[in-house]
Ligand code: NAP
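Next up: just one chain, as structure tokens, the form predicted on its own.
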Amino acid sequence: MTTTDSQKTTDSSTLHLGLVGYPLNKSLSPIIHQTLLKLCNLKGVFNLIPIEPDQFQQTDGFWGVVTTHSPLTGFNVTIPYKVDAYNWVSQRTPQANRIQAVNTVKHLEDGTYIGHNTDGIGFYTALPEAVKHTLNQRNALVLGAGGACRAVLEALFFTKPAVAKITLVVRNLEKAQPIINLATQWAKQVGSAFEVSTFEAVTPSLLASTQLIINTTPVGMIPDVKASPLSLAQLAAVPPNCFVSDLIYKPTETLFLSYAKHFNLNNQNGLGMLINQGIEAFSFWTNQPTQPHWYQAIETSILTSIN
């Protein structure tokens, strides 16, 4: 990561970090960043900043946040404020500009704020190396059209090699049109194929030609653990080399992933994406180069807390 002198954070300073969003009562971000502060021997605090949407508007949005909680070195942003953060910051990284949403904000020494998006990086980093290196040989099925979907699409299209083809599966074509338009542009930019389907139109032949499936929907998340975006019968149609990813990490094994395991398909939950996006955000705030041992330490702390 290239930085300027105005972006540097010294080891002697106290870092004031946080997460803005609503609700935040189940957030694992404090575990991630408190672990990283300890690993890097940095002084700092990480606070949850839950703000209801009505209160957010009444207190002048992010200006109210940074004024009330000053001094903030940097902060993460989650639902429902990622687009608000994108529109508020004065500078943006290429990832933030492409995704058109910001989940990481850094306060620069000149008083301005730069916005970044680490969700796509977090997703891509979590993929097994064998999958990363063969993306240009894989047809991907991406389920859902929410904010997480944008980050996944950006990662699949703009990392190298880019994915061969993506079929975006949505429930409502009209509501999904903005992300469909964006993904169509991205596909043309990188030379990948792109198609759209509804869940009802997912056929056995489509599944048989798919080597990567990513669930970006909340289907299967606690408390709705008996739901799956695809059925057991549908997963029976995918080839044995298909890799299945579910961005949900609570529960650690969704019904969807249990279906994948039934057919011995390699798979992963969303914990890796969560941890890696946090690591990337911490590195962005502090200019600390990411270290391989960070991941294991955070994963151990998280699994201890949720099990």
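Sequential numbering from 1, following the sequence displayed. Everything numeric here is computed off the predicted structure, so don't read it as measured data.
Although it is not shown, the form predicted together with this ligand is what the next lines describe.
Taking the partner from the other structure, this ligand in the model of the complex has no heavy atom within 4.5 Å of any heavy atom of Tyr259. Taking non-hydrogen atoms only, Pro80 never approaches this ligand to within 4.5 angstroms in the model of the complex. Residue contact check for Gln185: none of its heavy atoms lie within 4.5 Å of this ligand in the model of the complex. Proximity of Thr104 to this ligand in the model of the complex: non-hydrogen atoms within 4.5 Å are absent; the residue sits far from the partner. Heavy atoms within 4.5 Å of this ligand in the model of the complex map, among the stretches 158-166, 145-153, 130-138, 232-240, onto 145-153 alone.
When you look in the model of the complex, the only residue of Thr210, Thr217, Thr93, Thr125 with a non-hydrogen atom within 4.5 Å of this ligand is Thr217. Asn172 is the sole member of Thr203, Gln189, Asn181, Asn172 with a non-hydrogen atom lying within 4.5 angstroms of this ligand in the model of the complex. Annotation for 179-215: the only interface residue with this ligand in the model of the complex is Phe199 [heavy atom within 4.5 Å].
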